[in-house]
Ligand SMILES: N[C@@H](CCC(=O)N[C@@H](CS)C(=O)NCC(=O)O)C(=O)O
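As structure tokens, one chain now follows by itself in the form predicted on its own.
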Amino acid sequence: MRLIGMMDSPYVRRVAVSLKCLGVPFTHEPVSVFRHYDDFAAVNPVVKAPTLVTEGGIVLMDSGLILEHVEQLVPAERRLTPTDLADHARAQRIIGLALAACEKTVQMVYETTLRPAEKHHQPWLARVRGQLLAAYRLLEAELGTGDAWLFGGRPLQADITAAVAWRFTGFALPDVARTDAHPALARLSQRAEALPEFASSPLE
């Protein structure tokens, strides 16, 4: 399988780390949707990262849909989704909050880096920043101390997505990702980044 996209995308990194945690072999092709648009379009004309090309040559996109597919490739005991219904609901909540934080971080980055300064819309930026802070406030409350994985002895998708999101925001918007305000997230991120699956998929 081929994973197309840059690791500075939290969605690409989320898939890469998850594939490694699942033990699913793949090759990573660091193709940028900005710098290598035509090369990306040759694989996926929609030019959406991440893109995964399956062994059968099917082109998939959207990190959630990609991960839904690859979980079907491994035995149940290796999957990253809790089987208990209550745990599953809580995991989905945590993943949803983390993905919302990723989305709002991307919106802020695009607004401030892709548009001229005189065209920055401050009310929109304030709204998105408020949504981003709300997502992390709620996520922090879900994590407890951050000293243990959320659903047992190994990181599952909720841990992976929360850690990837926090690292991405810390890289892109360090004034938002303040460890003093989010100690549990900071601890979870530190533990996750020390794992080989994370360390071998560095945010670039």
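As the structure is a computational prediction, the values presented were derived from the model and not from experiment. Residue indices: 1-based, along the sequence shown.
Beyond what is shown, the protein has a form predicted together with the named molecule; the following relates to that form.
- This chain appears without its partner; in the model of the complex, the one residue of G152, G144, G64, P174 with a heavy atom within 4.5 Å of the named molecule is G64.
- Residue V47 is the only one of L156, V47, V70, L60 with a heavy atom lying within 4.5 Å of the named molecule in the model of the complex.
- Just one listed stretch, out of 192-200, 21-29, 178-186, 5-13, contacts the named molecule in the model of the complex at the 4.5 Å heavy atom level, and that stretch is 5-13.
- Residue contact with the named molecule in the model of the complex: W124 places no heavy atom within 4.5 Å of it.
- Within this chain, V53 is remote from the site of the named molecule in the model of the complex, having no heavy atom within 4.5 Å.
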